[in-house]
Each structure stands twice: as structure tokens, then as C-alpha cells.
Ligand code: SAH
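As C-alpha cells, one chain now follows by itself in the form predicted alone.
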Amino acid sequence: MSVSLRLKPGRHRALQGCPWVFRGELLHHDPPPTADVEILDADGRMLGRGLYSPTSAIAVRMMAFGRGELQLHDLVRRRVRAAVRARESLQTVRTGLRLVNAEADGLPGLVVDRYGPMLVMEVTFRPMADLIPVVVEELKTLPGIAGIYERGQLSARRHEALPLEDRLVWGELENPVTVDEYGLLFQVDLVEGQKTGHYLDQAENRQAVAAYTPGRRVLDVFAHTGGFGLQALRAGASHVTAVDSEAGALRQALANAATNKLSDRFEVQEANAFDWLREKSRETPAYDVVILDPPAFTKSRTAVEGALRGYKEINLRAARMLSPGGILVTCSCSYHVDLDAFTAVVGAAMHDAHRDARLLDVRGQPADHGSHPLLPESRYLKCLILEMSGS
């Protein structure tokens, strides 16, 4: 017998199709004996069916709207297949890409990235963790897959009372692996690397930015393993300086440069990016393109003010380091700093740096990192490309 949960009277995003229902929106909070629940509106009308988490603030994540039974295992299999099919064309130009992107693919709390012969999963929703065997049965049929590895040491799993452990879910672990990103080779550490091993969400932005770099001196700050800088060199940049505080990432960046025969125009600087920018911005402008791709400065609303100060600081320093007509590429992956706020703080930084700038492009996530149209929380990545005045 189905268990029904009713919404309180009021305005709820789920009534317009948002897939999240927060615990405080429910009329009662007694946990149901099953994860599969019906959601009713305040008048008792059927809204749809979802999966219930007993511990998360997001109590229910919708799987289907409208009436009808929910054949959960069959639905999950179909959605995994559909997500993979939707990315088939991308796999001809990249061997590292996202195959499943959570709510955007109707599979809440599930991320699956492909790195050549390996799949890496992240699961941040308890009911989806219970469905891993179903997901794996579908994924292991993909051509050329040697193993499926789960990255489980994620803070979000604490809210779901899920174990913080990494594990091989199926097959054999091949690590590290090499992926091809638009003709450039990157070695990826699936076990110790950031995120699931590589910043796949910037792949298309790296290509777009490279178009501005032929013949130019490029500074890549928060460079990690060299993604932006190496694509710039491949496009014809005269020289790239990569700055990062993580020695291991810079060693891998140097190795990636050597693999792609780009070492002669590539150098690294191990340093705290804030300190390095503060010191170097006092010198004569030395770069034609500056790229800022920092980690998230905040993961909560309460820290937004501090994050904005951080973004303003690095963008002001970067602007002072650019030659006339130079290009600033500045990114934010902090969801709580929305596009308008980020654009405004970058503009304020240009003003304080006494630089006139023209916004050339506003970019976001690539096609394999699609978002849910009614879930702004799934749209997190912002990438602005600005041109400094030539005077």
C-alpha cells in the first residue's frame, strides 16, 4: 500500500514542477516505512510520486508528477539509458564527460562520470544509494567499461547518514587513466583527484577561452592540473604561467604539458593565489589573458558576503595585471553567489582597479552538466569573459 504525504497550505515550488520538497513543507513529519511515497497537495489531490529521505532537509525528491504507479527499478534503468544516449555525440570529442547529472536526468542525488574505461559515481541521496545495484546493472553493459568506482567521502553524505567511504562497486580499478579532451591528453587520478578526478564541467569553457589566447601571454590562476592553460598553449598562446597552492596538482600539470609536448612554453608557480596576485599586481602588467577559476568560496548563504569580498579581491588584482586590450576570464562555482551578484562584483572590481571593461561572453555549464529548468540550485557554474579597454 502506498504511503501519502501531504503538503502544508501555501506556495510550494513543487506545485510548479520543482523536484524538491523540503521537510518543513510537509504537513506531518513522521517518517514513512518506505522510501517510495505519494505527495498530495494541501487539498489532498495527487501531485506525484517521489523518494523520501529520513534525515535530509530535502525530505522528498520527486521522481514523477501526476497520477499513476511508479515502477521504480524500471524507471531508473530507463533514465540511465536515456542519460547516456543524450551524451553520445560528446563521446566522440571527449573521453572524459558526465553521463548522469542527478535531477537534470531525473535521477536525484546520482552523478556518474566517465573517464575512458572507468566510471566514477557520487551518490548523495539515501534512497538512490539503495538503488545502486540497479544503476550498476545498467552501467556495466556500456561498451569498454572496465570498472565502476564510487567516491563517497563527501560532506553531503553526512546529511543522509551515508558512510563516508570510497569503494570499487564493480569490475576492476584502473587508476590513473588518461582522457582525451578535444585532442589534448590529461592524466586523471580517480582516487585522490579533485571532484571525481577532473574538472569536467569546465571542458567547453576551456575550449572557448583558448580562442582568445593565440600569440598571447596567459596567466592561469587556481590552475589545478593545467586544464585552461594547456588548452591555451595548444591554441597557440606564447607562454602560460600556472599558479596553484597544491604541489601535487602542479606536478600533474607539468606531466600533462610534457605528454602534449607543450613544456617549452609552460611554467608553474606553487603559491597561495591571493598572496601571489597581491604581490604581482604591484608590478607592470605582464599578461594578455588572465584566467581565474577558484574553488567555491562559499557553500552556504551565511558566507556569501565573505565570498563576494574574495571574488572582488582576486578580480581587482587580475585586472591590474592585464595589458591594454587584455582578456579576463573569471569563474565562480559557488551556487549561493548567483550570476547577477557575481557579474556585479566583477564590475565593481574593474571600477576599483580603474579599468574600463567590456563583457564579451557569459558562459555556464557544458551540455553534459545540464540543469533542471525549475531547480536553480542545479545551475552553479558561471564564467565571464571580459576585454579591458585598450587605452
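Note that residue numbering follows the sequence shown and begins at 1. Predicted model, so just to flag it, every value in this text is computed and none were measured.
Omitted here: the form predicted together with the named molecule. The next part is about that form.
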Taking 4.5 angstroms as the heavy atom distance cut-off, pick the stretch from 234-242, 289-297, 123-131, 305-313 that is near the named molecule in the predicted bound form. 289-297
Is His224 part of the interface with the named molecule in the predicted bound form - any heavy atom within 4.5 Å? yes
In the predicted bound form, is there a heavy atom of the named molecule that lies within 4.5 Å of any heavy atom of Tyr115, even though the partner is absent here? no
4.5 angstroms heavy atom contact with the named molecule in the predicted bound form for Asp180: no
Hey, in the predicted bound form, does Tyr199 get a heavy atom within 4.5 angstroms of the named molecule? yes
Can you pick out, from Gln194, Thr259, Asn175, Gln91, the residue that has a heavy atom within 4.5 Å of the named molecule in the predicted bound form? Gln194
Residue (of Ile148, Leu190, Ala104, Ala273) lying close to the named molecule in the predicted bound form, criterion heavy atoms within 4.5 Å: Ala273
Thinking of Arg317, Asp340 and Phe342 as one candidate spot, does the named molecule come within 4.5 Å of a heavy atom in every one of them in the predicted bound form? no
